[in-house]
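Before any questions on how it binds or moves, here is one chain, the form predicted on its own, in structure tokens.
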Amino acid sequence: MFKVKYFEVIRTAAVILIALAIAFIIISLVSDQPLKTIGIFLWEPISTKGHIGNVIEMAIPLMFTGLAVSLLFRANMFNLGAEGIFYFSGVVASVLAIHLSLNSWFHPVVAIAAGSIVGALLSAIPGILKAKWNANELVTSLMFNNILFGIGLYLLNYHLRDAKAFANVSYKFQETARLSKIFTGTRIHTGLIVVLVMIVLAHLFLYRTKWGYELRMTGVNRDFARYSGMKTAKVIILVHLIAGFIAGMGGSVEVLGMYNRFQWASLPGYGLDGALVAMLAKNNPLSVIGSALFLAYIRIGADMMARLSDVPSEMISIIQAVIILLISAEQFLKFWKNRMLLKEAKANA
């Protein structure tokens, strides 16, 4: 008999299976060769070393933003500002990668640190507005996304743009600023090690420190936490600083690890994807790894399916939509949880 503590794991697995089943049904209706198309979708992302590398490469920024958003969600802060911070921190790191001259190991450290610090400071603004004046963090964070994108695009167009490139891209980064690759035949870079370290540190912070405990209690019931003597305003500001630091680090790492010049003429979308990763991970830092890899896997599968079959890659939007709907539906499988609770109560009695 499954215990109640495993309910969320079972529920998440059921959501994923249902979403995939719906996708397969639609593929069967659309494709002339449904079995072949489904095979491409499931097998191609892991069929070669290069494709596996593509999955991991895509998962790295998803881990960063998923981790940042999961900490905010854990504090019951529905903040989606990781999107703008990820973008703008990439711009900051790019400026240093272009104009600063340092040796090959110190240069990326300085650029990533600058992007991370800027991300933390920017994220603190919605946090302060929430802590001091109870401003809606969703509204303020979404507004900041547009502001940061506008400023970043201005810097790209008027200060960083390489006119000789015949595209809306920056000057090339200095080679000393780029992150080194860790697996030959792929573009997997040292950012993978950085994000895994950050995930472990976030887990230890959340479950092994006083501040992590206060963060979790504030998320469960802010009024109760405040009446218990916790300084919830400081907790809210602190979690925004940490989340912004991680999101800013993610944007900096992605730019220096995957590109030789800044070329985002629009928001990359990783910040909003981070919310989906956090929801799948149930706001658990360690579970962010599996959630990000799964999302990257189905996206690479959808891309390969679009190239090698007659089904468009937009199919992935259906899977994501179903996952979001079912994960956010609190009543989904709740009857089963109630039955499990009753059985455990009777067994203990």
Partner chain sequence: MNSLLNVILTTDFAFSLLRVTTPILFAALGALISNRAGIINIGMEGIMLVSALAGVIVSAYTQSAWVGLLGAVLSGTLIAGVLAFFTLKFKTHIILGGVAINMFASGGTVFILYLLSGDKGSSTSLASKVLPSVQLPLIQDIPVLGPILSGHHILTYISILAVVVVYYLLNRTPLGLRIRSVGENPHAAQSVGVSVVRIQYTALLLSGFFASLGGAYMSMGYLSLFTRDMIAGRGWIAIAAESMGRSTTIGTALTSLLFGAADALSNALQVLKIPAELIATLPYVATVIGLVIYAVSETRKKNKKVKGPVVK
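Residue numbers count along the first chain shown, from 1. Quantities reported herein were computed from a predicted structural model and do not represent experimental measurements.
Quick note: we don't show the form predicted in complex with the partner chain, though the next part is all about it.
> Heavy atom to heavy atom, is residue 99 within 4.5 Å of the partner chain in the model of the complex?
Contact check for residue 99: no, nothing within 4.5 Å of the partner chain in the model of the complex.
> Taking the partner chain as it sits in the model of the complex, is residue 217 near enough to touch it, meaning that at least one heavy atom pair lies within 4.5 angstroms?
Output for residue 217 is no: heavy atoms all beyond 4.5 Å of the partner chain.
> So in the model of the complex, does any heavy atom of residue 197 sit within 4.5 Å of the partner chain?
Judged by the heavy-atom cut-off of 4.5 Å, residue 197 is well away from the partner chain in the model of the complex.
> Give a yes or no for residue 50: in the model of the complex, does one of its heavy atoms lie within 4.5 Å of a heavy atom belonging to the partner chain?
Residue 50 lies outside the contact set for the partner chain.
> Taking 110, 207 and 237 as the candidate spot, are all three within 4.5 angstroms of the partner chain in the model of the complex by heavy atoms?
No: none of 110, 207 and 237 comes within 4.5 Å of the partner chain in the model of the complex.
> If contact means a heavy atom within 4.5 Å, which one of 26 to 34, 41 to 49, 56 to 64, 286 to 294 is the stretch that engages the partner chain in the model of the complex?
Result of the contact check: 26 to 34.
> Looking at 193, 142, 233, 95 here, can you tell me which has any non-hydrogen atom within 4.5 angstroms of the partner chain in the model of the complex?
For this set of options, the contacting one is 142.
> Among the candidate residues 133, 224, 105, 166, which is the single one with a non-hydrogen atom no more than 4.5 Å from the partner chain in the model of the complex?
After the contact test, the surviving option is 133.
> Though the partner is not shown here, which residues of 135 to 166 have a heavy atom within 4.5 Å of the partner chain in the model of the complex?
Contacts from 135 to 166: 135, 136, 138, 139, 140, 142, 143, 144, 146, 147, 150, 151, 153, 154, 157, 158.
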